[in-house]
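Shown below, as structure tokens, is a lone chain in the form predicted alone; questions about how it binds or moves come after it.
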């Protein structure tokens, strides 16, 4: 043990190498059902940084809020990029490691090195028209989200004005995927097969690998189309901002937008619905939603149940003390936002009775690599949740909140299903399509969905139709 002096005084830093430790597996049954207990057990045993086993590969898990900020805000000391992983370079990471495929698709969330800066700048430029409320594209996108949400709710209602539905499968998961398809500029309903493959990849089942191959091929074809015929969509804006991107590189970036945004947003919507209708916690979520503060409700939710529980790994640039250990150069470090939010240093300063909650949480990351699509994701989730509580006059959980089935992965934590009993309100009147303005082309002024007859023939719509259930 060597003595190090930090901000809190003298602490002991264990110099034992990660490879010499015998870390406990993280992804256990306990982790799937009650991850907070696992985090606290690790915190008691190791302090703010703990060695864990990720499906046979050792790694450091950051549990402390201060330590999480230290890692997230210092890209030089804790860079991303798998090329920085010593064990991988030395061939010590198994070729069939289950997490390998998701980390090998090198995109803006994974990439390190000198190429990241220009790629992130391009992402910010490409997303700006869709995230800045003053841009016409952002207004059209918000109207399209509303239309998608209304169509999904109407489809649920085909089972009757009252009934039982799985809001995860029938609303929270398809809505952000449909929005992502809209952003990618898929023609008509051609993107629906890609959406189904994205589901298979996210669920990490036996068909995930062939689904990933099909999906990347589909996205490469879409990238080729946008290169020849650019439009008013994300891939076209990204190519304009970063014309040196190859088709393969562009396909990987589109994969990131489709996968990360859709899963994150879907989980956020489901978690918000549960928080509101179950009265979980101190009831502040229901109070803030009833006051029209949907974003404040979501902010409370991401503090209590962040969708992205563990960030993709970073790597120590050199031997560095962190928590009670010395992290050796090239060691993988995973920051847990969920554990950091439960750290007394953070949780002890969150006033439960306050109307406005803190924005110091880590759900979107921190530092210059904070999620580039956080405003887009928040907008889609807010519109979706808002439409649910406007269109349904009553929503109630069909299971006790503590019996809802969760799916956990090394990255995300969300519900496998969200069974509810519902009662529909009176159907809304469709607003007329907005008139073209000087800053919008006539053909792009209408944000409504593609031809519904085509959608009804799509694999996604057939799947959703098969889920309709009536009164129970």
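As the structure is a prediction and not an experimental result, all values here were calculated from the model. Positions refer to the first chain, counted from 1.
A second form of this protein, the form predicted together with a small molecule, is not displayed here; the remarks below concern that form.
**Prompt:** Three residues, 265, 364 and 372; all within 4.5 Å of the small molecule in the predicted complex via heavy atoms?
**Reply:** Yes, the whole candidate spot contacts the small molecule.
**Request:** Using a 4.5 Å heavy atom cut-off, indicate which stretch of 161 to 169, 95 to 103, 340 to 348, 119 to 127 touches the small molecule in the predicted complex.
**Result:** The contacting stretch here is 119 to 127.
**Prompt:** Among 314, 237, 300, 173, which has at least one heavy atom within 4.5 Å of the small molecule in the predicted complex?
**Reply:** Partner contact (heavy atom, 4.5 Å) among the options: 314.
**Prompt:** Out of 385, 195, 71, 257, which one falls within 4.5 Å of the small molecule in the predicted complex, going by heavy atoms?
**Reply:** Selected residue: 257.
**in the predicted complex, residue 200 touching the small molecule (heavy atom, 4.5 Å)** = Residue 200 lies outside the contact set for the small molecule.
**Request:** Please check if residue 332 has a heavy atom lying within 4.5 Å of any heavy atom of the small molecule in the predicted complex.
**Result:** Taking the distances in the predicted complex, the answer for residue 332 is no, it never comes within 4.5 Å of the small molecule.
**Message:** Although the partner isn't part of this model, could you tell me whether residue 379 comes within 4.5 Å of the small molecule in the predicted complex, counting any heavy atom of the residue?
**Reply:** Residue 379: no contact with the small molecule in the predicted complex.
**Message:** Within 4.5 Å, heavy atoms only: does residue 191 come near the small molecule in the predicted complex?
**Reply:** No - in the predicted complex, heavy atoms of residue 191 and the small molecule never come within 4.5 Å of each other.
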